[in-house]
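Just one chain is shown here, as structure tokens, and it is the form predicted on its own.
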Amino acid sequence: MTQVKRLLSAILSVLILLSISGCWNYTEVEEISIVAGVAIDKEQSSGKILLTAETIDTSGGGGGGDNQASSTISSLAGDTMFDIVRSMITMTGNKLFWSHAKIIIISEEVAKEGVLRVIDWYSRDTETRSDVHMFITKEKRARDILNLNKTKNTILSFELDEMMQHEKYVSTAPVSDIWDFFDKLESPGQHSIAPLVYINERDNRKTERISGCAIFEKDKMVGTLIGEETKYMLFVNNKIKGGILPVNDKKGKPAYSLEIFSNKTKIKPVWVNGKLKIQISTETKTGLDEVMTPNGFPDFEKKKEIEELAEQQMQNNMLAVIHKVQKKYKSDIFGFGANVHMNMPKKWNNMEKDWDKIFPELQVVVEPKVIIETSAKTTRSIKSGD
């Protein structure tokens, strides 16, 4: 059973319970609109918050797939989120039911101005869930993502939630929810990130895609990383669960693909000659999943060579993303400050007020270790003929 099917089954169960329950807060099924997800934009004409909600059509007329229910899109502008949510009853005719909502998509424009004013209500309301996924989009309007449900005949919010469940097999976007965001926002020496979602168009077909991340300084978005940069950021943050590690040959051409089985990253702050240094070590266990060279994979020595190539490229890529974030965004999304706070509390007390100035100049050393444990289904070489 897919994640979408499980969600729909859970919703159906709730509706049945509501219909037969005699509890004090009994609600008629016909009087609620189940929210799957929301998009938040800034209304251009008024500057107000524009909330777009995807709600599930429980009438049973939804389009006939084996896991399908249809959904509808409704938009309303207002001064505050609470005001909009309450006022939406005038559009839907029903009270919004939030406990099955899975995603919030925030436009880049809103994110750059600050997301607290649009997600604070969500974190406080008793009917909402704190594990809802938060996305940022660089599309012109966040609601354009939800509007894809019209062409796909699906519940778009549930699809995005399911994609996040499987993101560990790709590792090009952080798996982040509102709880994570607020936790980092309130932690000393650490800044928040959120995955990026956008519309991918190919062969005249539009689909949603998750890749890359948005970087925040407090609650304001200050920049982005593309998917490949995000992967190496996740290595630093010890958040890699799987995915592919591409390896180029000595001439810089794609040559090997390593499947990531596991990764362990350790961050150690050290004090050297009166200066703070961050030492990062990684151990990544992999399997050789693809060989794109005519020489094949013949022996142990070749395996060691591939490991060394992978280590060098990992080191270069991890340092590149660290230096980019240090110099361009000056936002400690790696939690170096939090690590100093935990391991060197006395020194942190002297550094905390100046951390925004210290972080961009911080010396960082990366020492990766790559281990090829298997070579997939075969240990023999496949070589091209002469």
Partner chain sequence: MNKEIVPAGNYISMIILFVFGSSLIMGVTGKSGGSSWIALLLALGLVVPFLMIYARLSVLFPGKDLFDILVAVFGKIGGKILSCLYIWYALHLGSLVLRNFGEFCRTVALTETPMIVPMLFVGLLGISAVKAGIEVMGRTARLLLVFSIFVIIIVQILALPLFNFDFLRPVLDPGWVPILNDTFGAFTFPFAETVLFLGTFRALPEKGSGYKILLSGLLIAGALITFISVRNLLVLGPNALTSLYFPSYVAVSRINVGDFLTRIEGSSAIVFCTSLFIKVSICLYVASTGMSKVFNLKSYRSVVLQMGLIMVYMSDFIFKDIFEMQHFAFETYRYYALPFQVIIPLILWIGAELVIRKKGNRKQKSS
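Positions refer to the first chain, counted from 1. Computed from a prediction, not measured in an experiment: that's the story for all the values here.
Below: the form predicted together with the partner chain, not depicted.
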Please tell me which of Asp177, Glu228, Glu259, Glu113 lies within 4.5 Å of the partner chain in the predicted bound form, judged by heavy atoms. Asp177
In the predicted bound form, the residue from Thr80, Gln313, Ser130, Thr265 that sits within 4.5 Å of the partner chain by heavy atoms: Ser130
Can you pick the stretch from 70-78, 281-289, 248-256, 181-189 whose heavy atoms fall within 4.5 Å of the partner chain in the predicted bound form? 181-189
Looking in the predicted bound form, any heavy atom of Met342 within 4.5 Å of the partner chain? yes
Is the gap between Arg117 and the partner chain in the predicted bound form 4.5 Å or less for some heavy atom pair? no
Does at least one non-hydrogen atom of Gln165 fall within 4.5 angstroms of the partner chain in the predicted bound form? yes
Taking heavy atoms only, is Ser87 within 4.5 angstroms of the partner chain in the predicted bound form? no
Which residues in 89-106 have a heavy atom within 4.5 Å of the partner chain in the predicted bound form? Lys95, Ser99, His100
